[in-house]
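The chain below stands alone and is given in structure tokens; this is the form predicted on its own.
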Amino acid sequence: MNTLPGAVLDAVAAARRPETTDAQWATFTARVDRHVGRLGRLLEEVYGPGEATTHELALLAGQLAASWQERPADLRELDDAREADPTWFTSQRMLGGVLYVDRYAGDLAGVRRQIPYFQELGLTYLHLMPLFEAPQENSDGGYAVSSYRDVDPSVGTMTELADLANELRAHGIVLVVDLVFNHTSDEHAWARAARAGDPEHEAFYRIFPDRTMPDAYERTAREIFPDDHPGSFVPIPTPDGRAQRWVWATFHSFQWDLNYANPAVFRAMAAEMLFLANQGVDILRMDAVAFIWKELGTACESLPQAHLLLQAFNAVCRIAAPAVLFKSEAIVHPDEVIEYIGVDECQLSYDPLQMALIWSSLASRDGRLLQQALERRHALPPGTAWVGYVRSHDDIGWTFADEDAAELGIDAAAHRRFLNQFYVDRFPGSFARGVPFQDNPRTGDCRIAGTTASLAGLEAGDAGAVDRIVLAHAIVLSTGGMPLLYLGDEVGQLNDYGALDEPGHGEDTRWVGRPRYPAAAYGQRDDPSTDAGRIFGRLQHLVRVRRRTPELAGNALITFDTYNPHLVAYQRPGPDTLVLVIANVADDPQHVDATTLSGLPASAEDLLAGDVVTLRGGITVPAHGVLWLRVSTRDEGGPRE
């Protein structure tokens, strides 16, 4: 540690507590040696070199030392284990589940009672949607956080959350929660102090006395929620109530963006992050990562400082809670999504492109965009992984790149209009029953909300619905990374239109896709004569096969050209074998001829059917069907390009 500035060394030393042993302290200071230099360089890049930044680093180093010493002993052991096995999360045995505590289980005690079911399903990762204190009624689904250290009293307490984390871990399940670090609610203590005129907390937000600077920023920053308010700013009263000021609110008017140009904000949020880490949270979903830095004359999205700040938060965890991983939520252009992924930034990232293109393929019966994305945009840096999902708590936006579509002769704007019409049942013959979010009938622009079953045709009574549901999940389960299930979808839950009648939900159609616990469907999950039973049984089979198929671990994927636009095909290589996946997005069977398969051995193990199939006569994939075929590559020259 002797190469560090004296102020930093002094801050770390001063934070040591009498009960901390020499061996424990040596472990911590070794991590400081490895990572604090990087942390300091990142802060200098954001805030500039000089005494002020060194002072901030010293304050932060003292915080990290205090937080690490507060970290429970079992979590320190977990830190050591995950440092020794940094790719633990890439195993094919990993499976995620997502739920709203109140809607799925009532409260945290209800979540604990569901642990036996989570084990039955095979979950190893549980994401609890925002559950911290937030404004009553409309809180943007909990993403307007009023306290990072207090659970919504209606679902439990922070002590209960820590106990749940411990019990989940004992059953092999990691806990995931959201770190909403771009903004707070206007009821957060920081925002209340800023509203009252406290200078320290006014500097936590971007607050201006008139429209001069807001107008300047809004010339280049886009509106995100125009139905809520125009532009990026909303008015708030001055402390004396005689006039108004303007505060940056990218999303809803009650969500005030934090001002990361102020290094005190970074330190404050680092403290909140480490508090959650010390409650036993394993993975933090880093919300709205693209928006955390603002700069005049730009779109104020995905700026270089956003990456530097994420890397700095990453360094904070490597020092004080190295077991914790970050998951990026970046719903931006595909070229920008991947920029947030790295062992020094976010080790995990949602894959919104794959999700959107699965639904695009099912509507158009054309898999070329998805095949192209798997070929060009699936590779990731070592030590990282995609988080794949069929649908989330949020809406579906058609995030594919226009230039990718143009290469295939697809008019991107026209295709998006088609998809919007198709998935809200405004296109002849549509099987989908989604609902539009932020609908603009004039332009045809909207985003799509709904459950997997309603989007796939189960609500409409379409005969292919169950097969589509299984097919979509089979793709997510076989492309690598961490697959997620929105819990309830595994038993075919339908849209809940009554959710819009609940207080605070009427203006947000996304609540239709966030149903309450579907007790009747779960009661039928073992009955193969029901839709719930058919879906559950087939998804369980996919999960079990995946768990015993090591080729499906990691991210390595090579596309396979079937010369058929209705088929999406790719190979997952192992040391001496590969698994060839062929998915049919068409409404009728599709054949792959023998010539196309001639580079493979004469026969393959059909992992899903549990038998051996010959490939010399070609192979037929049923309508909305999927094949996972294992072949030997020991004498075959490796995976086929």
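The first residue of the shown sequence is 1; numbering continues from there. What you are looking at is a predicted structure, and each value in this text was computed from that prediction instead of being measured.
Beyond what is shown, the protein has a form predicted in complex with a small molecule; the following relates to that form.
Which is the contacting stretch out of 389 to 397, 296 to 304, 463 to 471, 410 to 418, given heavy atoms within 4.5 Å of the small molecule in the predicted bound form? Contact criterion met by 389 to 397 only.
Review point. Given that the partner is absent here, does residue 251 sit within 4.5 Å of the small molecule in the predicted bound form, heavy atoms only?
Key: Residue-level check for residue 251: yes, a contact with the small molecule.
Quick one: does residue 427 come within 4.5 Å of the small molecule in the predicted bound form, counting heavy atoms only?
Residue-level check for residue 427: no, no contact with the small molecule.
Check whether residue 361 has any heavy atom within 4.5 Å of a heavy atom of the small molecule in the predicted bound form, and answer yes or no. Contact with the small molecule, no.
**Message:** When the contact criterion is heavy atoms within 4.5 Å, does residue 143 count as touching the small molecule in the predicted bound form?
**Reply:** Close contact exists here: in the predicted bound form, residue 143 approaches the small molecule to within 4.5 Å, heavy atoms only.
Heavy atom of each of 117, 490 and 547 within 4.5 Å of the small molecule in the predicted bound form:
Verified in the predicted bound form; spot residues all out of contact, no.
Taking the small molecule in the predicted bound form as the reference, which of 187, 102, 404, 329 has a non-hydrogen atom within 4.5 Å?
That would be 329.
Pick from 285, 377, 82, 195: which has a non-hydrogen atom within 4.5 Å of the small molecule in the predicted bound form? Result of the distance check: 285.
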